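What follows is one chain in structure tokens, specifically the form predicted on its own.
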Amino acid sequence: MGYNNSTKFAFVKKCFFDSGLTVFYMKISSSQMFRNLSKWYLSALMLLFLAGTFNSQAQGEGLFKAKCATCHQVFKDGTGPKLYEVRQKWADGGAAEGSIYQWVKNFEAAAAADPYAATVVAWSGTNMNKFPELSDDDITAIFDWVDSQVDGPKDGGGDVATVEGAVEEESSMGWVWMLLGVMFVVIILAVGGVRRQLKAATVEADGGEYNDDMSYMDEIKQWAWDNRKKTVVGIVIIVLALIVTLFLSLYTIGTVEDYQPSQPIEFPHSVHAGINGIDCKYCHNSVTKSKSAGLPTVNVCMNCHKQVSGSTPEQQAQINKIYEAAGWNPEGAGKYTGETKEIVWNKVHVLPDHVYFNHSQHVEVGGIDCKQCHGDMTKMVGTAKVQPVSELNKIEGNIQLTKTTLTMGWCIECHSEKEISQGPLDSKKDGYYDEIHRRLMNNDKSLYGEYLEDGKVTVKELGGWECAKCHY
């Protein structure tokens, strides 16, 4: 087999019939194999840089929405001041280096250590939430994302921060997937280059002439044309998959699980409801007779904390906030000063204005235990949070549901599974369903029998799926 200067690969074939072995030798010129290696390196470095930048941007946006968006906007003052270029504002105001990071983690400690931070405290009557769980890198990512926004609704900078609530914080494993994606791209490019070289060698070995000027896109177009049927089927499948993914993503809009905002006073439910066994209704005393469960007034707290002042410095610091709110001076025998300070709690569960939910109807009439929706509060160290449905399903006695917490699907699924009573409607002997029972028995016994096929009467079977039950 002859070779010339234009041949880039050489093949030597020799058959050994006596041994039944075939030796296939291929020699690939190093200049041909690695002529684009520098371009691959540059592309890989660029992709790594962009991946890190995009991941930082995504992390900053996610943290902003999860931690800051309730009170802060990017370009407009709200409950808290606007955050655009706030680092520069603090630096120009003479703030100590790193003071703004300490402020985000614990505003009280920052105000005590930095005079400028102390002046910021007076900006609003609402206390800043504390975020000790955020690292300096997390805070930097938030500020970098905020400063990268462009004023105006078109670019999203002015409107993003006005959305109340939060989104779940982006997983810390996101950068790993980004890195793996970059690695796969580099591998694909490398394999694609080797494939082109092997194809060129094969064509030339068969006596043909390989068009080295054909680009990747030209090859893809040629392959797609040669495999028209497969290409059309593939495109249809991809389009359908994208449509399905889009519609499935619409179900996640406005859904928030595991959201737990910080509060002005740390309240360990595990101590109050767990260790001390305080009934939920003692603090949330309107839950059996009102639409709202209600928040306890500071006077309810003082019923116990006049005598209980805490056994550790941390506990005493939190209880002192209650004393400050109640205007209570614990020195000596203790007395009320009349100088009170309102406690501003951050709302956890927020339903749309067009949704009607009555606590007393569910707790008193329906017999729903608090743990069905709020989880086992006797084990919750912090304040309330929006419990994921997976966590609620682990609690013994809870109805097993599948839909995301606080969504319409979650409610109607519960109405479909929760029974009003086992057997006859008046089995509770409370008289509430006597009229319904009488009408079913007297007017439509077949319908009543249909309801009792599964041995229970559910909320759905008594109109619990009617729109007007929950919507104005």
Ligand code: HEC
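For clarity, every value in this text was computed on a predicted model and none was experimentally measured. So that the term is clear: the rigid core is the largest set of C-alpha atoms that superpose within 1.5 Å between two forms. Numbering starts at 1 and runs along the sequence shown.
From this point on, the text means the form predicted in complex with ligand HEC, which you will not see here.
Contact with ligand HEC in the predicted bound form, judged as any non-hydrogen atom within 4.5 angstroms, is confined among 233-241, 176-184, 189-197, 128-136 to 128-136. Checking 319, 325, 95, 389 for any heavy atom within 4.5 Å of ligand HEC in the predicted bound form turns up a single hit: 319.
This chain lacks the partner; the member of 219, 369, 147, 258 within 4.5 angstroms of ligand HEC in the predicted bound form by a non-hydrogen atom is 369. Ligand HEC is not shown here, but in the predicted bound form it comes within 4.5 Å of a heavy atom of residue 347.
Within this chain, residue 354 lines the site of ligand HEC in the predicted bound form, having a heavy atom no more than 4.5 Å away. Ligand HEC in the predicted bound form is not approached by residue 76, whose heavy atoms all lie more than 4.5 angstroms from it. Although the partner is absent from this view, residue 295 contacts ligand HEC in the predicted bound form, with a non-hydrogen atom inside 4.5 angstroms. For the partner-free chain shown, 271, 272, 273, 276, 278, 279, 280, 282, 283, 284, 287, 291, 292, 293, 294, 295, 296, 300, 301, 304, 305, 308, 310 of 271-310 come within 4.5 angstroms of ligand HEC in the predicted bound form, judged by any non-hydrogen atom. Relative to the superposed core, residue 313 shifts its CA atom by less than 2 Å between this form and the one not shown.
When the rigid core is held fixed, the Cα atom of residue 100 travels 2 angstroms or more between this form and the one not shown.
Once the rigid core is overlaid between this form and the one not shown, residue 267 does not reach a Cα shift of 2 Å, moving by less than that. Distance between the C-alpha atoms of residue 315 and residue 117: longer by at least 3 Å in the predicted bound form than in the displayed form.
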